[in-house]
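We give structure tokens for two forms of one protein chain below, kept apart as structure 1 and structure 2.
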Structure 1
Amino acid sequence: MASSSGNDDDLTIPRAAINKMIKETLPNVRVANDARELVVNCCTEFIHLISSEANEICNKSEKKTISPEHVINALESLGFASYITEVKDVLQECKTVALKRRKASSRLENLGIPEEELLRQQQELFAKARQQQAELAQQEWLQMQQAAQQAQMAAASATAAQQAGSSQDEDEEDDI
């Protein structure tokens, strides 16, 4: 049901998220489709309500950014004080989760090994790779040389045999 208009008022919470929450809150209860649609719209209304109230409180406090305090006061003045404790707890959890994630990513980057050591290991690996390449190239070159030598020897003995056979005629054999 994507609307082509980019109207701000069409912004709502995704239906699936609401459905999931309703299901978790009222398991085994049948919910009419128009009722679901209504809940989606009520969410938007609620968010606007809280934002406007928090914004007013923010303006009065002469601060420019809406802070958690403003939101909490808004909840209180609008009659949603019962939400405050749980909402605060979640804030704490979110911060902890964010902190853990940052620690985890930095741990992964270092693996507890200092940077110089990592660099050294890298250089070692490169050096090994170069050496292997060099050895391979050398082998190939040797093989080519041997093959060339053998070919030359074969050609030389063939010529010698011919010269020995006919001392009068100088057959000039073409070089191979």
Structure 2
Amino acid sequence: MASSSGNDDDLTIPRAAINKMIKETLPNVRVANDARELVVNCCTEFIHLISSEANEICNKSEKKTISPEHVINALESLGFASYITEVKDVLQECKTVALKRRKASSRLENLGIPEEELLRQQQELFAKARQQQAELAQQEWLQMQQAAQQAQMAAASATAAQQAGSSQDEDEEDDI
């Protein structure tokens, strides 16, 4: 079945995926590059055929989303009924894996700690962080106070030295 649009070259299965499937299915068989290319094209055409038929079935049932049932009906109407049992098994396996992933992604449930306890721990951590922040601010304030006192002492010392220097100058002028 030839493709009707020129942009169908962009819609192919990645060759790496096909090569991996071939190696897993036929580990001890060498497959020529032409044969690999043919398998890619056949897979792509098969997907186009099934998805187009599933889309037509979906439209006839006035639905907007192609469901697994539409794909299964497409397989049957195109003469691939012998694959339906295996397709249903794979579909069930995919649903099971998806369910496990959803459950695994819920960290809260996997911790085994009640939500109230987690909330209490969170509040504890916030309080601890606020305390640390207050201590840091207190330390910074004390450092600023010490720096200000040192600056005042240095200024007073400089003023005293200046006064001492000016009184010594006066004494020297008196001596002259």
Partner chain sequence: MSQNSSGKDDQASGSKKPISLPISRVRLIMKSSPDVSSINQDALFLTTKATELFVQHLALSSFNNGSGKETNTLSYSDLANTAQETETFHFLTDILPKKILAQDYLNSLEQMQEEEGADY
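A quick note: this is a predicted structure, and the numbers were derived from the prediction, not measured. Here, residue number means position along structure 1's sequence, counting from 1. Think of the rigid core as the biggest set of C-alphas that the two forms share within 1.5 Å after superposition.
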(message) Which number belongs to the form predicted in complex with the partner chain, 1 or 2?
(response) 1
(message) Relative to the superposed rigid core, does Q133 relocate between structure 1 and structure 2 - that is, does its Cα move 2 Å or more?
(response) yes
(request) Note yes or no: does the Cα of Q146 move by 2 Å or more between structure 1 and structure 2 after the core is superposed? (result) yes
(message) At a 2 Å cut-off on C-alpha positions, does D34 qualify as shifted between structure 1 and structure 2 after fitting the rigid core?
(response) no
(message) When the rigid core is overlaid, by how much has the CA of A156 moved between structure 1 and structure 2, in Å to one decimal?
(response) 19.7
